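Just the one chain here, laid out as structure tokens, in the form predicted on its own.
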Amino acid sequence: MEKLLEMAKKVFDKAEVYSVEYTNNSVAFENAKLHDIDSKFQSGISLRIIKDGKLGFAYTRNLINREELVQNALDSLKGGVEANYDFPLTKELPQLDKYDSSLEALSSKEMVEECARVCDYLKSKTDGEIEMTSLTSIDQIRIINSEGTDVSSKGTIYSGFGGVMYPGSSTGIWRVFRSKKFEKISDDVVKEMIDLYRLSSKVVEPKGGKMKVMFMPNSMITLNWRVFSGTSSKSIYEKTSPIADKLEEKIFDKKITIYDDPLKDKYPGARAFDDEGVACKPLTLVENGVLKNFYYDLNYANKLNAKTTGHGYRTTQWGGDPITLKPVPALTHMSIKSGNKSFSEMIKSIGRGIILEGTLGAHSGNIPNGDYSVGVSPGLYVENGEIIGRVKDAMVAGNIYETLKHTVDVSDTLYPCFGGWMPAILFDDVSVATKK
């Protein structure tokens, strides 16, 4: 990497070398039977350069020919992409507890045994089809640049998801788990899956209309994507955010506080620096319903005459391979502050409504504007504080800038989900369309 950087510095005004290695192991069960065992190792290096105010980029899976990589970056300058920012000089970073060596020693056999244990128990208590996937990830990242930055990190993640599918259906009750080391799925999580599955086995056909809807962590991606978009510096620059001029104004209910904290190493995947080598720090986006901040990478901070918040990541809305991507503004450790009501207490407060366990089409609707229209997958129907069955062929629709103003309660527990850790949130006056 050092030799590549020295070569690039002789040709370009500014240069950055990004290196990543991933080791991933996975075990998958279908219908409570072992379906697949997989192991992957991926690595690569990308070169991002700036010359005469223009951006160049190239990457390789195997750094055999440095001259060719430099030439490819030089050729990419013909695209004429503007880059009037500097790469950062990052020296001091917090030390995070994000690596557990025991995960490197974890065998596929142990992963299979844990999945089989959960599958067997779920199968003995339900009549549904059982699916379970377990994964380990060990990643190493290093970034060096022409300003003198040299930062690196190594982390481990043990994660997985499992569910009980309703007979003849493609949906069911799912739960996600995530840790820095191997941990057995707790009995409480498994019991909750069984209880909810049993309570929702009967199909009901309620009337639609405005009612209470509880978004569970598995369905929070519907709201999260719209928060990501509305508070992004890219959206501010492109004038697509409906809240661009609402800093210090109340946009949600006072029960809603949204923050991004990459340094919180209680959870796996913590980061001391982003994919541009900028030091990470906690950022509050919405506090007690009031909009406090937007988030920036180097590029859009420069365009908007602001400072980067350390949110430049090599990702897309659908994930992607970081080696092949240039950094963009992204929230990767977002949470909504927990409340003081338990899940069961929140259910008891519902006179009539739906528990949105999962969604179909979370990407549907006008995301920049905050609109959503999703299928329930599944939706658990509640009357007089009790789950009486599940709804099929129903839709939930609205706009997050209205929905989050009608927050009834926020649960007291955070759960892992796409993009961060989320509580369950109960909203009122949400539009639900059913067969009736």
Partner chain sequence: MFEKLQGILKKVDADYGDVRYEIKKDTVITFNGKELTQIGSNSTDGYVIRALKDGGMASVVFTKEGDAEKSVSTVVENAQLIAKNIEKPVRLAEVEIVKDTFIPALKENPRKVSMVEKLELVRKYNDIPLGYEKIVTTSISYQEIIREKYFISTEGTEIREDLVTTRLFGEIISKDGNLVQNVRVRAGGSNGFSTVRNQEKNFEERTAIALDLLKAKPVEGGVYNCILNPNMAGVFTHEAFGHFSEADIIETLPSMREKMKMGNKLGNNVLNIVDNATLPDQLGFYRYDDEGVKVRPTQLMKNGVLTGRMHSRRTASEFGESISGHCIAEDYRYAPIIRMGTIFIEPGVHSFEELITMLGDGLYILDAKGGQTAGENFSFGAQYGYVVKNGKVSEMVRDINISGNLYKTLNDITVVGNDLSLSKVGGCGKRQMNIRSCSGAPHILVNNLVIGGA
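Please read all numbers here as calculations on a predicted model, not as lab measurements. Residue numbers count along the first chain shown, from 1.
What comes next is about the form predicted in complex with the partner chain, which is not displayed.
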> With the partner absent here, would 10, 134 and 293 each sit within 4.5 Å of the partner chain in the predicted bound form, counting heavy atoms only?
Replying inline: no
>> When the contact criterion is heavy atoms within 4.5 Å, does residue 21 count as touching the partner chain in the predicted bound form?
In response: yes
> With a 4.5 Å heavy atom cut-off, would you call residue 30 a contact of the partner chain in the predicted bound form?
Replying inline: yes
> Is residue 395 close to the partner chain in the predicted bound form, meaning a heavy atom pair under 4.5 Å apart or at it?
Replying inline: yes
>> Contact with the partner chain in the predicted bound form for residue 206, defined as at least one heavy atom pair within 4.5 Å: yes or no?
In response: no
> Since the chain is shown here on its own, which stretch among 265-273, 318-326, 250-258, 94-102 would lie within 4.5 Å of the partner chain in the predicted bound form, judged by heavy atoms?
Replying inline: 318-326
> Which listed residue (154, 246, 202, 184) meets the criterion of a heavy atom within 4.5 Å of the partner chain in the predicted bound form?
Replying inline: 246
>> I need to confirm a contact call. Of 288, 366, 349, 342, which residue comes within 4.5 Å of the partner chain in the predicted bound form, counting heavy atoms only?
In response: 366
> Even though the chain is shown alone, can you say which residues of 43-64 have a heavy atom within 4.5 Å of the partner chain in the predicted bound form?
Replying inline: 43, 57, 58, 59, 60, 61, 62
